[in-house]
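One chain is shown next in structure tokens, namely the form predicted on its own.
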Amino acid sequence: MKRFLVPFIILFILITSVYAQDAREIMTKSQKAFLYAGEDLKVRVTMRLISSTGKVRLRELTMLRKNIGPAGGKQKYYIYFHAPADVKGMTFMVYKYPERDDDRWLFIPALNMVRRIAARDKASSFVGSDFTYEDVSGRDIDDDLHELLKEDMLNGEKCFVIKSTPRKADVDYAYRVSWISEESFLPLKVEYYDLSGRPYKLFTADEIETVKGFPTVVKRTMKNLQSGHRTEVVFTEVDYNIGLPEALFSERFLRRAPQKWIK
């Protein structure tokens, strides 16, 4: 009996390992498609923060992003807030690193202060929205264990369905399940589950356009399923490969926005 059981166990382990590897590769391709398209990016962003009763608050900002080296490696982000008045002139900057915590800074003009966003705060709300600081620049692939659950159809598109479980308790959910397009590798839907296994948040890619050959999610929503609050984000004036200088991503420009690039 044992001599039949051992090969079966070995085969099971090998199959499980292959599926785990495939899932990681899929998530790596998805991150590159979603967060690394082009060598750099400039986009105007409108955020609508909508309460469960329908009350709407707006955020308008410009986001600049530059890849430092090949896709999947280091990145730098710069965000300037245009409106409303209470956040106008506020800036946010991220240095993203593979395999270690990102560096994040927030400049608050009312206080004339640059504040470092600690690694433990990466799961905090980004300017009152349903997106977190980590959602802005993405989560490192190896911070999670990825499992390919199945293939599925979503809105007529074939998708890989991937379960991602954090390796440590550094976020406010137990795991998430992503529907990744088999064609574009963009995430079309992501379900988040809380520590009790209940649905917690839902991300949807509502509109996708191709800009300079890059499929781009130009409208997305993150909804808190427990509170009813949601955040709708719309990208306009999307442009890739415009030659952003790396010098833009510095404390100097946190305090004094580069007007040429944020208009």
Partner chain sequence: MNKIRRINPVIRQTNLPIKSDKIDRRVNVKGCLICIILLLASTVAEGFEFSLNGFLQGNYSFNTASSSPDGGDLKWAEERIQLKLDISNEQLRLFSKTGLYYDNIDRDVGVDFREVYFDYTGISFDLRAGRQIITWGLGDLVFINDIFPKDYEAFFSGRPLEYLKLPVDALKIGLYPALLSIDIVILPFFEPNNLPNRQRFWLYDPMEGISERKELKPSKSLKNTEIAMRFYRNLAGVDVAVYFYRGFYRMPSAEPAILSGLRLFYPSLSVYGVSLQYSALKGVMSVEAGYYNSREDREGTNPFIPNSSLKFLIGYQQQLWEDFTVTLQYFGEYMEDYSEYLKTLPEGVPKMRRFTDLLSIRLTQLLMHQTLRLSYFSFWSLSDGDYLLNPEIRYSFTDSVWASFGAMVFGGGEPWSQFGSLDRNDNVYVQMRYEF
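What we label the rigid core is the largest C-alpha set whose atoms superpose within 1.5 Å from one form to the other. Small disclaimer: the values here were computed from a predicted structure and weren't measured. Residue numbers count along the first chain shown, from 1.
Form predicted in complex with its partner chain: not shown, discussed below.
- Not displayed here, its partner chain is kept clear of V136 by more than 4.5 Å at the level of heavy atoms in the predicted bound form.
- Interface membership of P166, defined by any non-hydrogen atom within 4.5 Å of its partner chain in the predicted bound form, is ruled out.
- A residue is said to contact a partner when one of its heavy atoms sits within 4.5 Å of a partner heavy atom; V127 meets this definition for its partner chain in the predicted bound form.
- Although the partner is absent here, R198 lies well away from its partner chain in the predicted bound form, with no heavy atom inside 4.5 Å.
- For its partner chain in the predicted bound form, the listed stretch (58 to 66, 232 to 240, 202 to 210, 24 to 32) containing residues with heavy atoms inside 4.5 Å is 58 to 66.
- Site annotation in the predicted bound form: the residue of D142, E157, D101, D170 reaching within 4.5 Å of its partner chain with a heavy atom is D101.
- Contact residues in stretch 82 to 96 (any heavy atom within 4.5 Å of its partner chain, taken in the predicted bound form) are P84, A85, D86, K88.
- In the core-superposed comparison between this form and the one not shown, E251 has its Cα shifted by at least 2 Å.
- Put the two forms on the same core and the Cα of M113 is off by 2 Å or more between this form and the one not shown.
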